[in-house]
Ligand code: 3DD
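Listed next as structure tokens is one chain, alone, in the form predicted on its own.
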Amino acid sequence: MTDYKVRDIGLAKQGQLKIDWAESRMPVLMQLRRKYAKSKPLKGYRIAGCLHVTKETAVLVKTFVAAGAEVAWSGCNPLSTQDDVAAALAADGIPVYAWHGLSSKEYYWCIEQTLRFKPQLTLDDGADLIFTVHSKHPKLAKEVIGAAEETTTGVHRLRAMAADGKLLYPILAVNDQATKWEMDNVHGTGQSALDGVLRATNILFAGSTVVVAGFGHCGKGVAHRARGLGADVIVTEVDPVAALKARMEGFRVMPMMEALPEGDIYITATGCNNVLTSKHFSKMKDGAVLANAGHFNVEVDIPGLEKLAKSSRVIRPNNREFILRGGKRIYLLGEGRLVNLVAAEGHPSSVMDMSFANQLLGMIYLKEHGHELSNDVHLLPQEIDQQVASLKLASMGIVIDKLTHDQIRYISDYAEGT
């Protein structure tokens, strides 16, 4: 396959500059690229990917190619594709089908184009590619060795499919690697979500009250970064353990209805739908800002907001002002989609370095062991987490201690007592 569909192939040079910058910030993935460019462990294998088309993703795609794979790619969100990066990949001979501002029909058309490739391995962010294979192309699923999933929402969908006995091939929950979600979800989302809010609003966090819905890894990162900028942070939760963690880390915790009179900025990070609805909008302050850091655009009830509004307008890029009956103004960022990717550039390259190193090693692991795995959601071996962490530390010039032989003996000797 040598075809592609992008917004403007003329943007390729600009996109390549972005990719060059990302490569300079991703030392682990670049080291693995140099290693596998020699051994070609993915030679003869076809990979279809459905993941945000950003400069960091482009580094991963080019690393797959260097490792011998044939690759076809689509974006996993209608508004997250960086058109210049997509053009650079297309100009480099990658069959890529992605552009910013896709309709739902175009979005799934792009996924279908990558499946013409008849992939043996797939890589997903949100599980739309995996679900498309299962729902529309079950015969194609017989040729798939396995797939990897990048994000929490996708892993939840896939575990539900597995529990229902619907998975047709094994899935690696790359999202659940410690070097992914403890770094990417916490620090990447925390910084990039606030970056998106700032670009869309130029609002001052210091002195503002930020309401964070959900205290999973992503919500935790958002809450800590907002507090670091001087905001008073309220956390809302449905999980008592997560709520307790938030309180123990110094955040105020209360039901969303109680937070409404105080909130200036609301950031959802739950992976669930209808977190903010009409019953909430009507009680918010005039000027409240709504942003979503969850994968799908269902956390804010946009149809409900539109029904309450007498008018709306785009007041800044990625910032729509809704004027409710009575005159109250509410501002929705990025059409309720991932604010860090719609209004900003997504996670910093240096944190995606670890996530995508896991994806590369996961594809190689699936190639070698996928046929041995059951049709379920699996974790990668802990050794891969250790490898990625060690490579990252080394790239940062950090050396850590090692256990002595005596210490190894001690911690493995169950007979040792007082």
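Sequential numbering from 1, following the sequence displayed. It should be emphasised that the depicted structure is a prediction, and the values quoted were computed from it without experimental measurement.
The following text describes the form predicted together with the named molecule, which does not appear among the structures shown.
You can rule out all but one of 242-250, 87-95, 146-154, 261-269: in the model of the complex, only 146-154 has residues with a heavy atom within 4.5 Å of the named molecule. Residue contact with the named molecule in the model of the complex: L341 places a heavy atom within 4.5 Å of it. When the named molecule is considered in the model of the complex, G219 lies well away from it, no heavy atom lying within 4.5 Å.
Among heavy atoms of D184, some come within 4.5 Å of the named molecule in the model of the complex. Interface membership of D128, defined by any non-hydrogen atom within 4.5 Å of the named molecule in the model of the complex, is ruled out. For the candidate set L360, M352, V61, V388, a heavy atom within 4.5 Å of the named molecule in the model of the complex is found for exactly one residue, namely M352.
Interface residue among G75, G346, P119, G190, judged by heavy atoms within 4.5 Å of the named molecule in the model of the complex: G346. Within 4.5 angstroms of the named molecule in the model of the complex, the stretch 33-62 places a non-hydrogen atom from each of L51, H52, T54, E56, T57, taken in sequence order.
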